[in-house]
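First, one chain by itself: the form predicted on its own, in structure tokens.
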């Protein structure tokens, strides 16, 4: 579907599927085609007994700079946003198997909120998590307005989602956004090692334990829809259009 997302099932890691963002020249900014490719991978592996764990990885020095801004600007100028983003978020929220992610460097916008749906996240010590939604005249997405306060409390959630503050790796670990912080060269190996440990566990028992821990997904899905309605409204606003145009000029 797109070379910007690579789907792998490494022989050295049986039971593990890797979804790798592969657009380093654009800091792994996620396009509609990339969302569609990730959704297809999640949908297929969710019912495939050969896959026990799915892993998200980015590139060296950058997990993702977030949503491709040209898509936002096109929608703000009257184009169609499509359903790819929401389809991906719902596939992520309803995935029945463990999700593990590895982050090295920038994790912006969806590059941060994707990890809220993961069960283990390994980050390098140079990683930076930031959600500049309000700076772009937008609002939180991916049910982050529900999940982040649960994970880190109101004040840190406000700092991340409303103030747009940067959370460096140690602060992200302290806040509960990531499980472990390692040196950059170790991120992928440690992430895959975590996935391997989960893949070797009894899958039915692990699935039940995970479901009990995560709870009913209906509230998460409802919040994704609620946020999406505000997000679409804000994308059409004059202040958002001005913010996107300023961002594109900075290039």
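Numbering follows the first chain given and starts at 1. The model shown is predicted, which means the values in this text are computed figures rather than measured ones.
Same protein, other form: the form predicted together with ligand COA, not shown, and the subject of what follows.
Between 38-46, 60-68, 180-188, 214-222, the stretch whose residues reach within 4.5 angstroms of ligand COA in the predicted complex through a non-hydrogen atom is 60-68.
Although the partner is absent from this view, residue 108 contacts ligand COA in the predicted complex, with a non-hydrogen atom inside 4.5 angstroms. Proximity of residue 29 to ligand COA in the predicted complex: non-hydrogen atoms within 4.5 Å are present. For the chain shown alone, residue 25 is a contact residue for ligand COA in the predicted complex, at least one non-hydrogen atom being within 4.5 angstroms. Of the heavy atoms in residue 249, none are within 4.5 Å of ligand COA in the predicted complex. Not one of 129, 161 and 167 comes within 4.5 Å of ligand COA in the predicted complex, counting any heavy atom. Proximity to ligand COA in the predicted complex, defined as a heavy atom within 4.5 Å, singles out one entry of 99, 136, 172, 89, which is 136.
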